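First, one chain by itself: the form predicted alone, in structure tokens.
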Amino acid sequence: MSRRITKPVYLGKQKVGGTAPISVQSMTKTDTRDIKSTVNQIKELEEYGCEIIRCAVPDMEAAKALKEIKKSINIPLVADIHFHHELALESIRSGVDCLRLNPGNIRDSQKVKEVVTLAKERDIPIRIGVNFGSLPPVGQIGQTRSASRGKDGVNLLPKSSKIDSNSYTAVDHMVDTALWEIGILESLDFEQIKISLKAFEVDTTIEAYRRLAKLVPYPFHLGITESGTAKSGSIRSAIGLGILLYEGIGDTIRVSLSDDSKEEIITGYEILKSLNLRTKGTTLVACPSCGRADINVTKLANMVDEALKLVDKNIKVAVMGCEVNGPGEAKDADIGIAGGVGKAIIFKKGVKSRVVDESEMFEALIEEINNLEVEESNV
């Protein structure tokens, strides 16, 4: 696949866009004003490979707390700003690495310009974060005195132009909203821009990103907004993000899940690894099991999967349960185990390493993984 060429931006030392690997990010679910809890959560996410973290900024206390949070973490910090531009100004003063501005609820161009001017002075990028759930009223983009959310007409828009090519759609409204704020930033000679265009509907999201990709050179932050729980949301995100990434669109991703933020990081990397876009961490090949299985593959695979979450080795591990595909897949992995009746063969780099009893399979496999010398990867 061929990556869309974009102008890179830097969040601290983290490059987004251009030739940089697609980064994986998340958002804290703590009260930002609770500095200790927020820092602890970010530290935990760092261990799981989170490369950029975003914090909600609901009030001035939270904006000021970012200063202490920033001092205690090792990854770029993004301030998530809605409604009040003063919170963006204070977040900049607190030393954040990037701002997320919502053009749906900060619609006064003069206030946007005030934020951009200070961001330009401090060399801080801005993500224009368009979200279907907070779009401006139809026909009133950039207008400060406009219809209430209940009468804004957004929910009456067709979700895709494929329904009627002559209709003004949600996709049109999302793209137009992004272009409005892009125009403001460009008028101030500010090009440190990232953009997101998120909706719950996969086709709406894909079409919006495709449309804007043809119009601007800026890097894209991908996501399916409010995608759901770990199970349903991971599937929806994998489909939506996977299609765009396969087409070369996307420079950084967040998988938005109603679950522990660690699951967002794990799922994000799995999406990228499935497309060979990142190689960081382990890849698990696991037999789905059937009536031919001679061992409890499901139990073993889940135990191994849990153990591998914090293993930062660029390796493929196979857990297989019978003689049909087992030996072939196990030999093709860096470390593989193929079950038999009461026993299992462990392969290392395609060569039979040892035979173990069923009761010893998990411990023996983990031991072989820990002892495997590989070139570790951060890509």
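The shown structure was predicted, so the numbers you read here are calculated from the model rather than taken from an experiment. Each residue number is its position in the shown sequence, starting from 1.
Beyond what is shown, the protein has a form predicted in complex with a further copy of the same chain; the following relates to that form.
> Is Glu186 close enough to a further copy of the same chain in the predicted complex to count, meaning some heavy atom within 4.5 Å?
Glu186 lies outside the contact set for a further copy of the same chain.
> Please check if Arg254 has a heavy atom lying within 4.5 Å of any heavy atom of a further copy of the same chain in the predicted complex.
Yes, contact at 4.5 Å.
> Although the partner isn't part of this model, could you tell me whether Leu215 comes within 4.5 Å of a further copy of the same chain in the predicted complex, counting any heavy atom of the residue?
It does not: once a further copy of the same chain is placed as it appears in the predicted complex, Leu215 has no heavy atom within 4.5 Å of it.
> I'd like to check something about Arg93: if you look in the predicted complex, is any of its heavy atoms closer than or equal to 4.5 Å to a heavy atom of a further copy of the same chain?
Because no heavy atom of Arg93 falls inside 4.5 Å of a further copy of the same chain in the predicted complex, the answer is no.
> Thinking of a further copy of the same chain in the predicted complex, which stretch from 277 to 285, 85 to 93, 111 to 119, 187 to 195 has heavy atoms inside 4.5 Å of it?
Among the candidates, contact is made by 277 to 285.
> Can you pick the one in Val138, Ile182, Ile243, Ile73 that has a heavy atom within 4.5 Å of a further copy of the same chain in the predicted complex?
By the 4.5 Å criterion, the partner-contacting residue is Ile243.
> Identify whether a further copy of the same chain in the predicted complex is within 4.5 Å of every residue in the set Glu207, Arg210 and Lys316, based on non-hydrogen atoms.
Yes, because Glu207, Arg210 and Lys316 each have a heavy atom that approaches a further copy of the same chain to within 4.5 Å in the predicted complex.
> Taking heavy atoms and a 4.5 Å limit, what residues of 183 to 201 are near a further copy of the same chain in the predicted complex?
Heavy-atom contacts to a further copy of the same chain in the predicted complex: Phe200, Glu201.
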